[in-house]
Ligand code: NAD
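Take a look at this single chain in structure tokens; it is the form predicted alone.
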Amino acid sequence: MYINGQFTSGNASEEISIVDPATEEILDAAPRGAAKDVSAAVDAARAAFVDWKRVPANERAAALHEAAAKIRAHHEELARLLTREEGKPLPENDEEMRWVEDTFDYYAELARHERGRVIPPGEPGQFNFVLKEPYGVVGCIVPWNYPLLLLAWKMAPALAAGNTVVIKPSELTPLSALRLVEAACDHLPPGVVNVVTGYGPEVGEPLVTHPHVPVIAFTGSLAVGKHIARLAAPMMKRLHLELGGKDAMVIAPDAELDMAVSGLAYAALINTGQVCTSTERVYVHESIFPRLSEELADFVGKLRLGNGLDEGVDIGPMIRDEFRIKVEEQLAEAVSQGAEILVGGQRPAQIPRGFFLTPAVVTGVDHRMRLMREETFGPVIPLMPYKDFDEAIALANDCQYGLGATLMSRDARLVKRFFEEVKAGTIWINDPLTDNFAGPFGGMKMSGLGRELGQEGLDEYYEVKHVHWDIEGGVKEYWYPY
């Protein structure tokens, strides 16, 4: 673990073995942290906050730029470690690392842009202004599917705003977070950045319930997000919860089929479908449904599975066998209810080890099936026809989640209806799963609270203070006695 500027085993008496999902070999081990380790990290972060919050914005910006430069210097090493630890093919982790590096640079600049605003006073002789101030210690609870990207989206704005952080990486992928901190944060004052490794009940819950951690930033499942909300509610903590989705894609009758097929395959299968914004429900106009289904099955069937470090691999393994089993159960249940698997959905016989599952294209689905209601988080593309655009929008909105949604169409009238009527935090038109540093990312409905990226992502780590200053002073006529 990394506490107060030093690597330590802390109070851990056991270790967590970290497994390569492509080979099932043990890569390394991390300490199994405990509540005492969380307390030590929070104490260090609280002590460091006293000075860090007073560091001028230009100096904090320089510190974040230096972190970005150090991460770039270790780009290839970290990308390969990500692939070994969580399985994405190397090109996808190369992209993740570029996003990590640029996130630190982006927030380095954004945080010195402004610290509040001046507002018009109510009376002459008064001065009114709004200050944005850091909260203190931010607890960053990070998932396994994008261990460094989703860490950067929390850590960079939190530090830029003047907070300190205690990071709890996933117990499945702690190595990349530890290596990033080791490589990129040694110039920061001790205690500004801390990492405690371990399981949710033993490390995550003590972090959430610690009285001196006013902000919790979490990405993960809806069930865990609700649990965090219950734990944090009595202490009125600021919660930033990104809780996944069941994203819809609507393919209009005017869509270019080549673009729709390849774009859909990418949106559904990047990181083996283990993305909160993966396309998990697809609605295709009935006039093009047979042709698109056939072309998509042919395209997906040609994608190459294998170890993400090998050249030419398109699809890596799933993170663990229990996640693969969940996907297989959803597929089997859907088939029992009338669905048909056009291609995939099997463990590849030619790859004897690793948690691989061939990507599946499924038809004959409907909203009775778990496959169309619950988050799948795996390499499955279920296709469902629709008759008209009213039905398509109704189907897209028929879900408890509202993280993202995609439309494939060149018709401006359909596009306008789609982004106005579909309830989701991000709407993509013809270019799914593309982010923008300046554009906020987050969900509606059960997909969570708060936003990452953009000015909104920085404001998550500020609390707001209004200052009313009567410069003239004097007794006011509206004071007592009446």
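Everything numeric here is computed off the predicted structure, so don't read it as measured data. Residue numbers here begin at 1 and follow the sequence given.
Keep in mind the form predicted together with nicotinamide-adenine-dinucleotide is missing from the figure; the text below concerns it.
In the predicted complex, Gly245 approaches nicotinamide-adenine-dinucleotide with a heavy atom inside 4.5 Å. Of the heavy atoms in Asn397, none are within 4.5 Å of nicotinamide-adenine-dinucleotide in the predicted complex. Interface membership of Pro169, defined by any non-hydrogen atom within 4.5 Å of nicotinamide-adenine-dinucleotide in the predicted complex, is confirmed. Contact annotation: Glu85 falls outside 4.5 Å of nicotinamide-adenine-dinucleotide in the predicted complex, judged by heavy atom distances.
For the candidate spot formed by Gly263, Ser409 and Pro432, no residue has a non-hydrogen atom within 4.5 angstroms of nicotinamide-adenine-dinucleotide in the predicted complex. With the partner omitted here, the residue from Phe377, Tyr106, Tyr283, Phe355 that has a non-hydrogen atom within 4.5 angstroms of nicotinamide-adenine-dinucleotide in the predicted complex is Phe377. Think of it this way: in the predicted complex, nicotinamide-adenine-dinucleotide has a heavy atom of just one of Val224, Leu239, Leu178, Val365 within 4.5 Å, and the residue is Val224. Of the candidate stretches 286 to 294, 253 to 261, 70 to 78, 161 to 169, only 161 to 169 has residues with heavy atoms within 4.5 Å of nicotinamide-adenine-dinucleotide in the predicted complex. Of all the residues from 143 to 162, those having a non-hydrogen atom no more than 4.5 Å from nicotinamide-adenine-dinucleotide in the predicted complex are Pro143, Trp144, Asn145, Leu150.
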